[in-house]
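Next up is one chain by itself, shown in C-alpha cells, the form predicted alone.
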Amino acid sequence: MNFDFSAEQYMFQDSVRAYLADAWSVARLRRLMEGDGFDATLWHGLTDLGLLSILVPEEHGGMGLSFVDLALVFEECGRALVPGPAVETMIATDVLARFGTQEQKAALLPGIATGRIKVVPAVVEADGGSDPAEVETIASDAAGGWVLNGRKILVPYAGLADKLLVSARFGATAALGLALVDPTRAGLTLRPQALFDPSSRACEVIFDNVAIGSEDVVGAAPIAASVDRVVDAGAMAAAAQMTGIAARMLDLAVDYAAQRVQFGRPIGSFQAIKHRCADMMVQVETSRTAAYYAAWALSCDAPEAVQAVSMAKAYCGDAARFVCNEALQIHGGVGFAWDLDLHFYLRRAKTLEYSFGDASAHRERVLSAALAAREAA
C-alpha cells in the first residue's frame, strides 16, 4: 500500500508555496499589525488558487476534496504565517458541508468557494476552553426560533466574518449544537482581544438576547457531533500549521548556521550545532507524521480519529515550541531582536498551541479514550 500523498497533491502544495513566496512575506505581515489583520490581495490570491473551494462539494461549486488534500496546504499556511480567516473558514466549511441543511449549504458554500463569505468558529469559553462538554452559552426557546445568551472568547477574526459558527446548548434539554450568527445582529457585541501573536486578531463575543431563527441552527436541529467536529478539525489544522512553522524555523536555523562564522569557521560545522539541528529535524518529521495521520483519520472517519487528532495537537505543539526555541538559541542574541522575523513564528506557534485545546487537554482526551476502550473490552 502507498501511504504517501499523490503527485497532484504535492503539485498543489508546490503551487501554494510558490504563490506565498512571491506574494506574501513577514514584511507585509508587519504592515497588517496596525489594522484589522486582513490582506485583501492575499485573500483573493488564495481564493484564485482554489484553497477555499477544496472542501466545498462539487454541486456547490467546489472541488469536493477532503482534509487529506488540505493537510499540506495547512502546513504551508503555517510556514508562511498566513493570517486569517482563511484556515478558519476552511474549518467551518467542513462542518457546513457535513452537517448543514440543503438550504444552508446552498446559501453559504458557493460564496465560500468564491471568497465572498467568511465563516469563523466561536467555540472557546472563559471557563471551559474549547471542550464541548463545558459549553455554557444558552439558546432558549422563543417564538419561531431561539434567543442566545452567553460569551465566547478568542473568536478569530470575528470582526471580519460574515457568519459566526457558535456552539451553544439548546432548549430545556440543553442539547449541544451550532448556530450560524451574523456578527451585526442586535444584542451581539464584539470586543477586540490582545493576543500574544500581534499578527493575529481575535474578539470576545457577547450574546445578550440575540434572536436567531430555526433556520440558523446547523442541521436545523442541535447536533452534538457538529461541535465535536469543529474542535477536532481546528485542532488538526493547528497541528499542521505548527508543523509548517517548525519546518520554517529549522530552515532559518540551518541557513544561519551555514553563514554565521565563529573562530574562523561556520558555526554549522560545530558538532553541538549539528546535534541541535538534527534534533530539530526529528521533531519536524515526527510532527508531519502525526499531523498527516490526523488529517487522514478525520477524512475517513476512522474509529481512532479523536485519539489521532489529540496526539497530533499535543505532540506538534510541544515540537513546535522546542524547534522555535532551538532556532532562537542557534541565532544567539540577535534571534530575540524585533527586527528579525523569528519571533513572529514563535508567537504564532504559541497562539496555535493553545487554540482548540492545549496539550494537557488533548492528553486527557487520549487517556480517556484509552480507558474507555479498555473498559469496553
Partner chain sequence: MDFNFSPEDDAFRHEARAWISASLPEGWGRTVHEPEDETERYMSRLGWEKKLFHGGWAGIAWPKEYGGRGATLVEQAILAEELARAGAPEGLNIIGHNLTAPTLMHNGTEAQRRRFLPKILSSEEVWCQGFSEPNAGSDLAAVRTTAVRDGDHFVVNGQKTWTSFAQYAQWCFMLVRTDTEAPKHKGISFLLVDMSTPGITVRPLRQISGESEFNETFFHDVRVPCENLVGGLNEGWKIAMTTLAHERGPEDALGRQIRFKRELGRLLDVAKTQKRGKRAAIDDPALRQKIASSVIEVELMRLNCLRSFSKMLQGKPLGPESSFQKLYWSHMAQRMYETALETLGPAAALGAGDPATPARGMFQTGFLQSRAFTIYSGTSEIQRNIIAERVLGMPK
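Note that the structure is predicted; figures quoted are calculated from it, not measured. Residue numbers count along the first chain shown, from 1.
In what follows, reference is made to the form predicted together with the partner chain, a form of this protein that is not presented.
The partner chain in the model of the complex comes within 4.5 Å of no heavy atom belonging to Q102. Although the partner is absent from this view, L148 stays clear of the partner chain in the model of the complex, with no non-hydrogen atom inside 4.5 angstroms. Although the partner is absent here, M281 lies within 4.5 Å of the partner chain in the model of the complex, judged by heavy atoms. In the model of the complex, the partner chain lies farther than 4.5 Å from every heavy atom of I212. Annotation: in the model of the complex, residues N2, I273 and M311 each come within 4.5 Å of the partner chain through at least one heavy atom. Residues of just one listed stretch (223 to 231, 293 to 301, 166 to 174, 90 to 98) have heavy atoms within 4.5 Å of the partner chain in the model of the complex: 293 to 301. Screening T286, Q262, S140, Q193 for any heavy atom within 4.5 Å of the partner chain in the model of the complex leaves a single hit, T286. Proximity to the partner chain in the model of the complex, taken as a non-hydrogen atom within 4.5 angstroms, holds for one residue of A305, C277, L252, A86, which is C277. Taking a 4.5 Å heavy atom cutoff to the partner chain in the model of the complex, the contacting residues in 345 to 374 are S360, R363, E364, V366, L367, S368, A370, L371, R374.
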